[in-house]
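Given next, in structure tokens, is a single chain: the form predicted on its own.
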């Protein structure tokens, strides 16, 4: 607690007087909540498989502005970097205008940065939603983010607007082992709007990313959301995505966890309207020295909701992972149709997975299923492929690609799908040599 206490005290002294009073109050609330909560430990049920002692032992400080050459060297190899998307690039928590393609002339799209809000220059819409979707009662790192965030994107898409180009947010971190960044995003999608939003996290060195995104989907809004985590293997990544859906809205989320030494991602979706549709896809790859922890909560509150979850993990060496998926159906959410599945493929004897799918149902007219599997490659399938002339390595690669393909093939943006396929191939080539 002490390192974060010093960081909180220093940030408050430096910044408190220059921001709007309502934002000061929000940040003060986050600070007080974090001090009451403290960092989670394995004694907390939600964290019993994930040890964050490594985080608590570091004397974290605000990330300094790094040399930009290292950051652009990370961005350029991304195949979707030069796409025609709207683009915002944050380097160690700071917006880089030169690499961003920020547009203010797109009808129906309002884009503000957190820095502008802090300086009192942004639109007032954030007052209605910021901090109200991602509650921090059981999420200490969300409280910490609320107290410390300085950068991020606040995006509003007006009613009826359909954006033909995706919005890409890139977070690039370059650290020396004790740098911490706390990006905060708010997305408000008006009635009947349509868009695609991609969040990408990459970096070099050792650092902590503590990220929070809040999403509000008004009636009949639809979004494809991609979260790509390719942090440095010496970095920590803690993330919270909180979504509130109104009637007839559609939220499709694709999460890819390919980096960091330790990742904890909490994804909570509140289905607060009739005929709501939610889809959550996840693919995580873990090798020795990596621990990836995904917690999801889908809360059906109104009737005729439809949700689908499919998370898949591929683990090698002594890599480890956690999947804790919970579906909660309130008494008023009759005719809910919810499916949850978690499948894990272990390519070594030392890999570890804790799979915990859960159902909590208070309604009596629903169709809900859940399940989880942990296993290795089918030896008969391997033998069959080898008898057809494939080497063992090629046979393993073919089966694993087929396993991951169910998730990868659901990516609607072709250039991003090709990038993910490349990363999966590189992982397999490296780990099956």
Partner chain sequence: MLVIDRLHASVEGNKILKGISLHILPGEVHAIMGPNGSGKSTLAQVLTGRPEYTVTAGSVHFQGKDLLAMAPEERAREGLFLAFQYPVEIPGVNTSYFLHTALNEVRRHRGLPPMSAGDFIKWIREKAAGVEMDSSFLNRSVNEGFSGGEKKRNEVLQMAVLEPRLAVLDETDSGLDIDALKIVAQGVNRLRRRENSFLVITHYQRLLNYIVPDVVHVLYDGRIVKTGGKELALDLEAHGYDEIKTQQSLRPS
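Residue numbers count along the first chain shown, from 1. Here the structure is a predicted model, which means the values were calculated and not measured.
What comes next is about the form predicted together with its partner chain, which is not displayed.
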- Item | Candidate spot 385, 392 and 398, all three touching its partner chain in the predicted bound form (heavy atom, 4.5 Å) | yes
- in the predicted bound form, which of the listed residues (381, 58, 46, 39) lies with a heavy atom within 4.5 Å of its partner chain? 381
- Message: Is residue 65 part of the interface with its partner chain in the predicted bound form - any heavy atom within 4.5 Å?
- Response: no
- Restricting to 172-189, the residues within 4.5 Å of its partner chain in the predicted bound form through any heavy atom are none
